[in-house]
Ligand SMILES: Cc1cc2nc3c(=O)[nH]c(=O)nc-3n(C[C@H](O)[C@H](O)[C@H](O)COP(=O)(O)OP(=O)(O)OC[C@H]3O[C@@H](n4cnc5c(N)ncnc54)[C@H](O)[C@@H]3O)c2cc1C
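Quick setup: one chain, the form predicted alone, written in structure tokens, and binding and motion questions come after.
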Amino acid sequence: MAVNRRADAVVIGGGVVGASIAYHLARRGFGRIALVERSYLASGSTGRCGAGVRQQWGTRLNCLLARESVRMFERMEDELGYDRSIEFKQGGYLLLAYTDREMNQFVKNVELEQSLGIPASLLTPAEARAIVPMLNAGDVLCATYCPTDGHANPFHVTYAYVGAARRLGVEVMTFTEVKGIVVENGRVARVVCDRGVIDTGVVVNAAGPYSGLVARMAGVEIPFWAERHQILVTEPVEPVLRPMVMSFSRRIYCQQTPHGSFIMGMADPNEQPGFSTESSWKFLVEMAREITRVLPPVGDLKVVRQWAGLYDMTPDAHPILGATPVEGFYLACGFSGHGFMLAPVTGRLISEIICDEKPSIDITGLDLGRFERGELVVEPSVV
């Protein structure tokens, strides 16, 4: 049977978003909180992600969310009392433009970012190559760079949040699968798990790519789908690449971790919705072809392994945050591949909403109702 027969809030999903929400709720003294995960912590998309953290976006909301999350990453170890390292490396992001349309968008992006205090700049191809000497800048039209962007270890970030949450009294229930959500008179009444039932008035859906399935348990439909994205890692070598290098038009990203390995991924525009996490030879071939055009010396590295994870996608590439028509049922999903980098601020915002506080960032436009209203603002800068 479940350890908690009664909880003031149940957070579904033991990835970094759920862990952040559980911690922030506990920090606000919300009461008895249960974090429920069907497998081990960070076993889903969190543990399979590229773990990049960037503030360079094409919409104001994503810029604001990412800017605040970076500030939270910078002080995370001290705030959470984590005695190890989350391995937050602020080596920057170098974004490459290969088309006129992309270049024009980058000019708009940098103007927006700078207006919000994000230290991004527009670069010539030569300036981009000065930052990344191995870059093939021959067909690059321009680039943007933000030195405070970076990368962290997704497992350590999750463990840091969970450790702090546990010290604040959160019950962490791993290997516990949610089977149903009981709604009575229009509000959440209990969560049915394979280890028992938890009576509660608040449920937060932070189940990543499975959030659509969890929402249906509460009778809520969201415009949402899961999509496979593949990634690989190479053998470690001496540090030669400081920033993350990314191209939206070529659909790739590549970075070198503090341990020396190169991590890189590539989106497939023909990928169909689904829950498959199998990795393919096609990805390996296409990834190698594209990355060696952009960073030729990487072609000499040996691939150690490759894998796939799931993005939780929305039509406008913005997350769905906040309340639903079912009282007590909240959403924190639809990050479209950017849940890790937005997890710190998401936890704080969701906890503020649940505690009836004014959100510290105005997230009007990220509610579920925007889809019915037709008020979508599409993020243009995504892989």
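One-based numbering along the sequence shown. Predicted model only: the values in this text are computed from it and were never measured.
Below: the form predicted in complex with the named molecule, not depicted.
Heavy atoms within 4.5 Å of the named molecule in the model of the complex are found in exactly one of 119-127, 133-141, 169-177, 104-112, that being 169-177. Of the listed positions (Arg60, Arg38, Arg28, Arg32), a single one reaches within 4.5 angstroms of the named molecule by any non-hydrogen atom in the model of the complex, namely Arg38. Checking Val183, Ile222, Ala288, Ile231 for any heavy atom within 4.5 Å of the named molecule in the model of the complex turns up a single hit: Ile231. In the model of the complex, Phe88 stays away from the named molecule, with no heavy atom inside 4.5 Å.
The named molecule is not shown here, but in the model of the complex it comes within 4.5 Å of a heavy atom of Thr46.
In the model of the complex, His318 stays away from the named molecule, with no heavy atom inside 4.5 Å. When the named molecule is considered in the model of the complex, Gly328 lies well away from it, no heavy atom lying within 4.5 Å. Taking the named molecule as positioned in the model of the complex, the residues of 294-321 that bring a heavy atom within 4.5 Å of it are, in sequence order, Gly309, Leu310, Tyr311, Asp312.
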